[in-house]
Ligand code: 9MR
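Okay, so here's just one chain, in structure tokens, the form predicted on its own.
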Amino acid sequence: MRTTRVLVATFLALFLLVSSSVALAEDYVLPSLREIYKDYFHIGGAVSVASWAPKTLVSHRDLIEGQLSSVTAENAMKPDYLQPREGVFNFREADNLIRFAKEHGMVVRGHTLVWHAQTPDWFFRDKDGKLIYEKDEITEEDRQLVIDRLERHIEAVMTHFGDSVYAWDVVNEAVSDDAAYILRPDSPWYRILGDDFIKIAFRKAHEVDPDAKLFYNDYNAEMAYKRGRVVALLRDLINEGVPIHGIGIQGHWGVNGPSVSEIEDGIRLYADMGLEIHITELDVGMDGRTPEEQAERYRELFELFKKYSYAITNVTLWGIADDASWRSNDNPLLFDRTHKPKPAFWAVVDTSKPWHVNKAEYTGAVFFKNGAGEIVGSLRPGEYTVDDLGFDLEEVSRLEVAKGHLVTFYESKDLSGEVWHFAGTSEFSGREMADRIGSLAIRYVGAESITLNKPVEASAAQDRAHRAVDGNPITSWSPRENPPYWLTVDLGQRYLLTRWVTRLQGTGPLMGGILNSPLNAADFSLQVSEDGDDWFDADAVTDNTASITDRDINPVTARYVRLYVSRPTSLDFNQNLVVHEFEVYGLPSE
């Protein structure tokens, strides 16, 4: 007969890095996005090699080598860098990048041949040195002079790099943000040549290198306010026989937007046109949110990119670590300023799992520490006998367990007999446990709430109670009578509970997903019961203003769970409660 003991424990989210089952933190091998995504699309990055910029090709070399299959020069292939004076070219830094790419089996994207910015004025001056676009009358001689310069630049650049560059952003950011115009009227190219400059550029690029993939690249090309003009431009050009092969969507986004659905609509629109799609300048600013929320945003985006990998063939991050990002104040990349992987990195390692689960699989889910706080050993998810641990359990006086995981010790070596559950504790007697156990198992608890779509009863607004467990972040249970309020969920069987989450009023669309609000539930608790009649608190929250509470609990078994709210807001005059989701996580008790 098996008996179960649940010991007092507290989850500790852990950010240590470890490797093999008993390796120490610095020894783990970082997974390679280049390898993980090789069957989907190239993983690229913007690399700084320009003489006046941080040399990320040197300072970030290990990350670039290990993570990327595609590179783009952040500045060293733009017109002002390659040809600062007419006929004077500077290919040195770009050539260094290409040599590096060839040595490491990477492809190179060229960025960019034609742009209204970072293009020297000499392109636009007449034979007397006057800016042509400022003249009252632009002559045909002026136009031809600019066309000749444009074509000579494209020919010289593409001829020099040859097939070392497999794709080019031929024209960059030509479409206006103003709905009154298709093309931006302030562009020197447009002011002198009209929309002909785009046709001239693509036709010349194709003439020089018929095998190169030619892209139109722009920011917000996926957004509803602008994509109609981008589509109209590209469709008209393609109908005229202009050789445009793909669209570059820059992807300078944030945690707060644009929505995944809006991005998907844009991707689908371009894919339906038969265009190849590159995400060319991806970074996701924090927007004042948490690293965990940034991680979820990256996870959603890469899940979307994989869905459309039949059209998306390259995803290029605009940088690789926050210390060298053009948006460094918003920390938008996968690695932090010290080049350590962020939750965002772990989120894209496997988009089917939460970031902390991916991290635990590589770095360890349970860490065993001695009285001095030193790591004695660590284990990744799996099953082990005591003889296989590789460290002395008697030295251990503390466990640290990664979020969402549970460690179970068994009396016998075959994972049977009496069991003890832990979810991290600072009070652990390894000496006592070493004399009593034969094996252990480390499990991920699961990403899906066990309250999802289960039967519910409520003290008020019963007709809306199911909305708190329907998995829809928009709907809500919102009683407006007299507190306390309660919501009971029948789990259908006994579970070992380890974590609970509430998504309150501030997460809703009317509040804009804010982090804190006095309208969020202030005092509430998670109550549990075996029979639905006798209840006790498993955890309690007081004086809360957070829109999301995500709390680990001492492992406890129960069939019924109840959200009990005694103070529905922090405002005495407002007794209205809004609960968008009530989530509980755990494993079947057997």
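All of these numbers come straight from a predicted model, not from anything done at the bench. Residue numbers run from 1 along the displayed sequence.
Beyond the structure shown, there is the form predicted together with the named molecule, which is absent from this document and is the topic of what follows.
Here the chain stands by itself, but in the model of the complex one stretch of 168-176, 342-350, 469-477, 145-153, 168-176, has heavy atoms within 4.5 Å of the named molecule. Taking a 4.5 Å heavy atom cutoff to the named molecule in the model of the complex, the contact residue among 306, 252, 413, 454 is 252. In terms of contact with the named molecule in the model of the complex, the residue from 380, 499, 405, 111 that brings a heavy atom within 4.5 Å is 111. Although the partner is absent from the chain shown here, none of 216, 310 and 313 has a heavy atom within 4.5 Å of the named molecule in the model of the complex. In the model of the complex, the named molecule sits beyond 4.5 Å of every heavy atom of residue 485.
Put simply, residue 391 is far from the named molecule in the model of the complex: not one heavy atom of it is within 4.5 Å. Interface residue remark: residue 318 is counted as part of the site for the named molecule in the model of the complex, having a heavy atom within 4.5 Å. Taking the partner from elsewhere, residue 100 is found to have every heavy atom lying beyond 4.5 Å of the named molecule in the model of the complex. Contacts to the named molecule in the model of the complex (heavy atom within 4.5 Å) from stretch 106-122: 111, 115, 118.
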